[in-house]
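The chain below stands alone and is given as C-alpha cells, in the form predicted alone.
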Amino acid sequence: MAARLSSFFRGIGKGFRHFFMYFIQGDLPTKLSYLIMGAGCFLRGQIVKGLLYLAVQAGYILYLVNFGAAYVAKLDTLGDVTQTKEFDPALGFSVIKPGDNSMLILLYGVFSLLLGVVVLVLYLRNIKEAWENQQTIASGGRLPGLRDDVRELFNRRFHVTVLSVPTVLTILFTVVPLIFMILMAFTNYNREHQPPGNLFTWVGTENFSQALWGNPLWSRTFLKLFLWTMVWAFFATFLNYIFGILLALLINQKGVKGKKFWRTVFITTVAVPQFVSLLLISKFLHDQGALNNILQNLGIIDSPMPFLSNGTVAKVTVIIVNLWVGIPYTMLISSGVLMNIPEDLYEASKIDGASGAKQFFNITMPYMLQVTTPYLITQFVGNINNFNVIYLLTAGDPKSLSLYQAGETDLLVTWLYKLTVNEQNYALASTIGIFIFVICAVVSLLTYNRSKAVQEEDRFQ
C-alpha cells in the first residue's frame, strides 16, 4: 500500500513537472494551447481535432455562464432564498414566490464539478498533444490527419471507441447519483427540510455522530440492526453453503439413482420467481395463515404459532425459509466443482484408511473453498443487502417501540428503505447507506485477501 501511494504521488509530481516544462520549452502553438484548447492542433493543420477541443472549451464556458456557475456558487450554503407566499394586488390572492431549491443546487453543482473534471482531463490532454505534435514536427515526422485518427480509433484504439459510451453513461447514472447520495449524508435533508418549500444545508458529520452515539434511539436502532444483519448474513450464507454442498454430495453418490430427476426437483425452486415463493410463504406462515389453521384444526396447537409475529421466532423463520430459496443455487455450483475433484485423491485416501468424514474435511472442503471463496464473499455481501427475503417475507416486522422506524427483523438495508419512503429522512438514510458500503467493502477486502484462494492460488493448478 505504501509503495502504491508513493508511486501515486510521484506520478502527480511528474505530471506537474511536465505541465510547466511543456510551457517553458514549447513553441507558440504549444503555449497558446494553455489558453485556447486545440491551438496546438488547428495551428498545425489538424483542423477538425483542434476545433473539437475548442468546442469543448467554449461549450463548458457557456454552460457555466448560462447555467452551472449559479449552482456551483451556492454549493457552500445549498441556497439562502426560501420560497414564500406574497399577496398580489393585481390578482387579488397570494402567489408563491419561488426560492432556491437545495436538492437541485446539490445535484447540478456536483454535476458541474464532475463535468469540470472531465474538461480538465481533456485540457491536459490537449496540452500533451500539442507538445507531441511539436516534437513530431521537430523530428521531421508527419502529423496524423483526420483519416489517420479515425482509422486509429477502429484499430489500435478500438477499446476507446467501444467503451466511451458505457463510460459516459456510467458517470451520468452511477457516479453522479452515488456522489449525490454520499454528500446528502452531510446535510439535514429530512421531512422538515423538503425543497422547494424549505431549504436544507450542510451539517458536517452530525448525522454520523447521531447514528453512532449522539441520538440514543438512532444509535440503539443502528447497533441492534447491525448485529442482526451480521447474524443474518452469516447464517444465510454458510448454512446455504454447507447444506448445498452436502446435498450435491448426496445426489452425486454412485449408488443414487435418478440424479437428473433429483437435481430437477431442487432446481424448481430456482425456476419459480423468488418474490412469488416468498409472498406465498409469508401468507402461509401468517398467524391466520394456512399452516396455523391446519395445526389448530388437527388439535396440535391451541393458539397460532407466532412464526412471523414474534421477534426471535421470526428471525429463525426467515433464516430457515432462506434455506429453501438458497440451497439449490449452492447445489448447482457445488455439483460442477465436485465433478472436477480428481477421483485419484479419494482412491488414495481410501487406501490410507481415511474415513468419509476425513475425506470431506481434508479433500472436499479445501478444494471447494479454494474454488468458491469469491462466491462465498459475493453471497455474504449480497445477504447483507438482501432486501427481497426480509421485506417480502416479514416487511421487517414485528414492529418495535424501542427502534426508530424499524422492526425486529429489519436489516440495515430495509431500514434505509423505510427511512427514505416512510420517514423522508434522506440524510440519515444516506448515512446508513455509507455505513453499509464500508461494512461490505471491509468484509470483502479482508476476507478475500486472507483467503486461500489468493494466498495459495497455484496449489490446485
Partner chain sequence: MKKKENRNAIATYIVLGIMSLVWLFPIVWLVLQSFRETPAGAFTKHLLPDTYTAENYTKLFTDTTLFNYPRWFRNTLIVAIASCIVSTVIVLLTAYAFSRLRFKARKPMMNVILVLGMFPGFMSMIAIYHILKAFGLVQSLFSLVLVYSGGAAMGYYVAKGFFDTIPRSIDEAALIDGATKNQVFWKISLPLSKPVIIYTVLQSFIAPWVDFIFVSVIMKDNYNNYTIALGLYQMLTRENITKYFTQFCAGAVLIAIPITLLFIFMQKYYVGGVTAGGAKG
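Positions refer to the first chain, counted from 1. From a predicted model like this one, the values you see are computed outputs, not experimental measurements.
What comes next is about the form predicted together with its partner chain, which is not displayed.
>> Residue-level question: is Arg263 within 4.5 Å of its partner chain in the predicted complex, judged on heavy atoms?
In response: Looking in the predicted complex, residue contacts with its partner chain include Arg263, since a heavy atom lies within 4.5 Å.
> Is there any non-hydrogen atom of Gly26 lying within 4.5 Å of its partner chain in the predicted complex?
Replying inline: No - in the predicted complex, heavy atoms of Gly26 and its partner chain never come within 4.5 Å of each other.
> Quick one: does Tyr34 come within 4.5 Å of its partner chain in the predicted complex, counting heavy atoms only?
Replying inline: Taking the distances in the predicted complex, the answer for Tyr34 is no, it never comes within 4.5 Å of its partner chain.
> At the 4.5 Å heavy atom threshold, is Arg142 in contact with its partner chain in the predicted complex?
Replying inline: Contact check for Arg142: no, nothing within 4.5 Å of its partner chain in the predicted complex.
>> Just to confirm, with a 4.5 Å cut-off on non-hydrogen atoms, which of Thr378, Thr77, Asn362, Thr82 contacts its partner chain in the predicted complex?
In response: By the 4.5 Å criterion, the partner-contacting residue is Thr378.
>> Taking 4.5 angstroms as the heavy atom distance cut-off, pick the stretch from 132-140, 246-254, 222-230, 200-208 that is near its partner chain in the predicted complex.
In response: Among the candidates, contact is made by 246-254.
> Each of Phe180, Leu279 and Val371 near its partner chain in the predicted complex, meaning some heavy atom within 4.5 Å?
Replying inline: Yes, all three are in contact.
>> Heavy atom within 4.5 Å of its partner chain in the predicted complex: which residues of 300-327 meet that condition, in order?
In response: In sequence order, Leu323, Trp324, Ile327 come within 4.5 Å of the partner.
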